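Next comes just one chain, in structure tokens: the form predicted alone.
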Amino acid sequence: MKSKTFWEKNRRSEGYLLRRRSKEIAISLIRGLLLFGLCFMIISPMISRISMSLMEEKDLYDSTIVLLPRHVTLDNFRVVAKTTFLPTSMLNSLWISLLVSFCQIIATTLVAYGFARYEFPLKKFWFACVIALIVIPPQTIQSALYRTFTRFDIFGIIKLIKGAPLNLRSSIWPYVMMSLTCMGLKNGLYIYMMRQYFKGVPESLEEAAYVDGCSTLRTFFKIMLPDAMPVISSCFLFGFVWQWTDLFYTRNFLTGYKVYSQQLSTVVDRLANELASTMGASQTIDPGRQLQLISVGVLICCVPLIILYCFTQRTLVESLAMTGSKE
């Protein structure tokens, strides 16, 4: 009956209904194929790494094995955990990532609110500097950062008191200072995201709070921050994830800490040195074995992030939807 009704309507519309339905089906198929391709591109490397991590070394060179290992083992995880000092490096990565992300959010939230609500001299210039933080890679200022923090001084005061500048490398202080001054990892992006949100909030909310006797800071903390928590949470999550996998700043400033990303980057060399010390001769690790150890380390690194995403995906999606609607 529905088919007859459809064809009758299509006949009366001179074929328009059939063309529209065909167009909708074609768009749905194309969308489905694109989503499948994107999901495959994302999931396929993870599946291959999981498969490789469960193989014994002899399975790596067996051409008959494509995906499923013939000999399943968990020794690869034990080797990587021992070589990367897993409990210590994971705990160090956790508290450093939390501390840095928290400092970044404090600074970038205040700066973003200032850009969104207040007028001050050279405002456009300073915002252009914020955009430059997003565009310019941090490697361009590597030498400047090295000179600044190996001979750290504040207008000559530290040298006057102690007789020489401070060497802050191999400590957490460069990270904290850069985060609190909005020069940390991806801070320009967080300022931009929160500025766009604050600009979309009606000014009448703040004006009503001022009429009721609220000060500027109280209005910010009581009115603006509660509504902005989804966006702030997303920026905090981005900061945590990027800090968790960061290698550039870690190599420059955190050489005195066992951080997992740094330990993973040198896992092959340290394993070769360990084998050489036990066997009494220089040892080389086959390329296939190297790739296998790196795959295991990457999987271990991704597990906390996947768990974090599972608990925070609702907040992340909500913040993106709110930001889009505000703009």
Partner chain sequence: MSKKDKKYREHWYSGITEAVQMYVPGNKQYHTIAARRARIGTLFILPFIIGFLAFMARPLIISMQMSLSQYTILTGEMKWNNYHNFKYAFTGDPDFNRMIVDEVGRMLINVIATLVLSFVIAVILNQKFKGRILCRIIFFLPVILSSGVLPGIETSSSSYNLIVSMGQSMEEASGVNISAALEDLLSVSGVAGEVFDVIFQMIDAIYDIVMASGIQIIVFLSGLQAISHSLYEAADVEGCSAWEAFWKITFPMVSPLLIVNCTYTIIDFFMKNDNQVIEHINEVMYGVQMDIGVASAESWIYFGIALVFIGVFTLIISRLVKFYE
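These numbers come from a predicted model, not from an experiment. Residue numbers count along the first chain shown, from 1.
Not pictured, yet referred to below: the form predicted together with its partner chain.
For the interface check, one of 183-191, 227-235, 69-77, 89-97 should have non-hydrogen atoms within 4.5 Å of its partner chain in the predicted complex; which one? Of the stretches listed, the one contacting the partner is 183-191.
Is there a heavy atom of residue 242 lying 4.5 Å or less from a heavy atom of its partner chain in the predicted complex? The answer is yes: residue 242 has a heavy atom within 4.5 Å of its partner chain.
Does any heavy atom of residue 105 come within 4.5 Å of a heavy atom of its partner chain in the predicted complex? Because no heavy atom of residue 105 falls inside 4.5 Å of its partner chain in the predicted complex, the answer is no.
Does any heavy atom of residue 204 come within 4.5 Å of a heavy atom of its partner chain in the predicted complex? Outside the cut-off, so no.
Can you tell me whether residue 149 touches its partner chain? I mean in the predicted complex, with a 4.5 angstroms heavy atom cut-off. Taking the distances in the predicted complex, the answer for residue 149 is yes, it comes within 4.5 Å of its partner chain.
Identify, from the list 159, 251, 82, 222, the residue with a heavy atom within 4.5 Å of its partner chain in the predicted complex. Contact check passes for 251.
Go through 101-129 residue by residue and record those having a heavy atom within 4.5 Å of its partner chain in the predicted complex; state none if no residue qualifies. Contacts from 101-129: 110, 111, 113, 114, 115, 117, 118, 119, 120, 121, 122, 123, 124, 125, 126, 129.
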